[in-house]
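In the form predicted alone, a lone chain appears below as structure tokens.
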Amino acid sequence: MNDKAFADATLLSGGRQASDAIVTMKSVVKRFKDFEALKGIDFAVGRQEVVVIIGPSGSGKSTLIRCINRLEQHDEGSIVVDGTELTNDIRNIQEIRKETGMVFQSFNLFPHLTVLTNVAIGPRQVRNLPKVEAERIARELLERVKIPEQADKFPAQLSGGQQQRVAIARALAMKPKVMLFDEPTSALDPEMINEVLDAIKELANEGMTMVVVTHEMGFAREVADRVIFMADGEIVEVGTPEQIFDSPKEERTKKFLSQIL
């Protein structure tokens, strides 16, 4: 990572400094046996900022966001979420997971539970809300992602796009401070992609802090405050969508974009 990329990765949108960040990663290394998936990542996300991470498959994008809420354990460096450093203390990990909603490529819904119960189960079990209150919140969130009429159905009765919107509602039900999206449209048929991206755009418009890994370049250009290009476990280039897509500086970025745009 060159000096300019290092500075840009920790300088938040609007010229804010890293001290304003809700997520900070410093010199983060992640290894899978002899393979170094993340090579000393320095990265920060400001409150109400939307950061989109792009790059080729195997570049470390998903590993980076999975380290933020300890779905993957980093080997070196530090990760801080809303003032709490991620350590091996299970209480510490649980606290951070309460503040970080995660939406995966696959929907991971409970097939034997209704849509309403899938969304309400987190607030009931983790935040100890009464059933009536949890279901009220769940219905509001299903309205927010525009599928309130699906509340009493089971996941198998829904389209892929609808299931992914349920997954978004489920993550929001925990009232997270940060939402993490790991290629949320990659498992969807093309005609279902826009409905999920529209739901994410709504969250961006409402000021939700988000880190989104995606291959949808038009979406990245439209919603991101900053775009990060990763390759080979490193942050290669960081900038506004206009800077990255219209005038990238690094040859590795130019080559990647020339292949997909």
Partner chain sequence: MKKWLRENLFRSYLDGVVTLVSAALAIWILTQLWNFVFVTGRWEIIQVNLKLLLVGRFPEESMWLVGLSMISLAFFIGLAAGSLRSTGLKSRKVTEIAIDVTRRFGLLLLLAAAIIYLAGTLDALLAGLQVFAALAVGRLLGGLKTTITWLKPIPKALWLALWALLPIASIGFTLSVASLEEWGGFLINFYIAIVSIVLCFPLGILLALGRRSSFPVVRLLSTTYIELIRGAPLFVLLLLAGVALEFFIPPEIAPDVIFRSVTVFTLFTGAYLAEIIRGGLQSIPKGQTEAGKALGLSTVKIIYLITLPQALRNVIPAQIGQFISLFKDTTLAGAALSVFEVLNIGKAITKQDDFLGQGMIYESLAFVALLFWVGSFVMSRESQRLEKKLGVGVR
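What you see is a predicted model, and the numbers here were worked out from it, not measured in a lab. Numbering follows the first chain given and starts at 1.
What comes next is about the form predicted together with the partner chain, which does not appear here.
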Practice task
Just one of 184-192, 93-101, 77-85, 137-145 has residues with a heavy atom within 4.5 Å of the partner chain in the predicted bound form, so point it out.
Solution key: 93-101
Practice task
Verify the contact flag for Arg170: yes if a non-hydrogen atom of it lies within 4.5 Å of a non-hydrogen atom of the partner chain in the predicted bound form, no if not.
Solution key: yes
Practice task
Determine whether any heavy atom of Ala151 comes within 4.5 Å of a heavy atom of the partner chain in the predicted bound form, and answer yes or no.
Solution key: no
Problem - Non-hydrogen atom contact Asn108 with the partner chain in the predicted bound form at 4.5 angstroms - result: yes
Exercise for the section: Indicate whether the partner chain has at least one heavy atom within 4.5 Å of a heavy atom of Met174 in the predicted bound form. Expected result: yes
Exercise for the section: Could you check which residue among Thr63, Thr209, Thr214, Asn69 gets a heavy atom within 4.5 Å of the partner chain in the predicted bound form? Expected result: Asn69
Problem - Residues Ser27, Val29 and Gln48 all lining the partner chain in the predicted bound form, heavy atom within 4.5 Å - result: no
